[in-house]
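Below, in structure tokens: the form predicted alone, a single chain.
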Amino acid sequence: MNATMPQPLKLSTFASHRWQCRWRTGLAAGLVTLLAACGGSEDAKNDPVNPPVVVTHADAKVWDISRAMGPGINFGNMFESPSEGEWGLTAKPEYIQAAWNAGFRTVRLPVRWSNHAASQFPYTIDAAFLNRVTTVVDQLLARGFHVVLNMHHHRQLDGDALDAGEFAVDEAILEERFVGIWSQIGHHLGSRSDKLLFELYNEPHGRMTASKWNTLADTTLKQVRISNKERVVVIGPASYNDPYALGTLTMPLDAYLMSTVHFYQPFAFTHQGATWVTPPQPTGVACCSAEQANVIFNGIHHAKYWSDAMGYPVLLGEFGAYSAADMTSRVTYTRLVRQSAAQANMPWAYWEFGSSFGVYDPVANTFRAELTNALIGN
């Protein structure tokens, strides 16, 4: 094992009475510092000035949904483009049926809501766009999928350069607008079944520091709860949903939460030749050596240890390897990640359906058998 590689935290490192108190420090920095209310005397627990910390972990309903989600696929490059279809794919009914027939049972649906909402209060979402997304959500639910609906690619919120066809708003209202958009989504879709999950935001980073994200997630969740009292809401950490950033995530005091991480390590393999990566990653990198396999196992199980200690399921919301890698290596990598997630009892969603990471060939209208088998087969 590479000595410089981040090591997963051992479950025994966490407090043995982890459900009796609220962990407020990072996994990496605060493994020995608990709030005074954790444990302690009866006098301390009854102190009106320093009351005990509220117990919080996921309700049994959340764990049941987590276990029922089954193999997942991201319907990527559809609704998270500035406008649907600009990045080559649209959400077709035949894709929904094809995904079901292949054995997928969860669809994560990335949506760029920020480009379809007004720039002034009350930040009204374009009705045609909202109805279009709703139609696809309803088609997926009717087919039997669990659906993870998210906010994706809000470039300005992260401080990133805007994509072509994307518009900016007054930076002073970015967070307020984010909350306002989620309020509308929640009210519009609040009557849907528990198979619909809301994921507050994809890969917060940059301007959206861990501290700012924790505050925004908590504020947004409160607004969502007005119309969705017990819907499962998914919240991942800053730093692009990196598993090793879970220690920076403060889960709100709410029993109907699930966390999420994304995993693309080893990055030199998964993103070789990707045109959007700076600096470009050289091609010709194979996978998976024993060292690379350790990186995969450790990253996934770091999230598992966090889940066991904190009491929330974790969704592996994205993983995959770009098409510039050789297919044999992509298949090996995909199977290793899927197997590691299975060992961790972690639901997952592969990135993605039919684009540059895709398991489906939209030209030939067929699944790539080797990749599909790595995900669904043995």
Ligand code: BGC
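Quick caveat, the model's predicted, so the values are computed rather than measured. So that there is no doubt, residue numbering starts at 1 and follows the sequence shown.
Heads up, the form predicted in complex with beta-D-glucopyranose isn't pictured, but that's what we're talking about next.
In the predicted complex, no residue of the candidate spot (121, 156 and 182) has a heavy atom lying within 4.5 Å of beta-D-glucopyranose.
The closest heavy atom approach of residue 202 to beta-D-glucopyranose in the predicted complex falls within 4.5 Å. In the predicted complex, beta-D-glucopyranose sits beyond 4.5 Å of every heavy atom of residue 116. By the criterion of a heavy atom within 4.5 Å, residue 167 is excluded from the residues contacting beta-D-glucopyranose in the predicted complex. Within this chain, residue 105 is remote from the site of beta-D-glucopyranose in the predicted complex, having no heavy atom within 4.5 Å.
This chain is drawn without beta-D-glucopyranose; in the predicted complex, the residue among 129, 264, 305, 256 with a heavy atom within 4.5 Å of it is 264. Of the residues 312, 351, 333, 348, just one reaches beta-D-glucopyranose in the predicted complex with a heavy atom at 4.5 Å or closer; this is 351. Here the chain stands alone, but in the predicted complex its contact with beta-D-glucopyranose, taken as any heavy atom within 4.5 Å, falls in 146-154 among 226-234, 97-105, 146-154, 182-190.
Shown here without beta-D-glucopyranose, the chain has 271, 276 in 270-296 lying with a heavy atom within 4.5 Å of that partner in the predicted complex.
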